[in-house]
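One chain comes next, on its own, written out as structure tokens in the form predicted on its own.
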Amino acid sequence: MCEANAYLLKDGKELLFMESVDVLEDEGSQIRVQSIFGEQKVVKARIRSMSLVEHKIVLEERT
């Protein structure tokens, strides 16, 4: 499997936002994340970092 886990950076800590992420779409001021199970979440954030080898996405909340 090639899906990743997405984390939301809050107060310097990475909090698990969604597991088994398959789709990540930048919609301007927000990010839409969808898991392989069809679960979707939208968050007002930007992509802070992605590591495809580690299967990890870090999002930083926008204020």
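On a predicted model such as this, the values are computed, not experimentally measured, just so you know. Each residue number is its position in the shown sequence, starting from 1.
This protein has a second form, the form predicted together with another copy of the chain, left out of what is shown; the following refers to that one.
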All of C2, V21 and I36 within 4.5 Å of another copy of the chain in the predicted complex, heavy atom check: yes
Contact of K41 with another copy of the chain in the predicted complex (heavy atom, 4.5 Å): no
4.5 angstroms heavy atom contact with another copy of the chain in the predicted complex for L8: no
Exercise: I47 in contact with another copy of the chain in the predicted complex, heavy atom 4.5 Å: yes
Touches another copy of the chain in the predicted complex: L52 (any heavy atom, 4.5 Å): yes
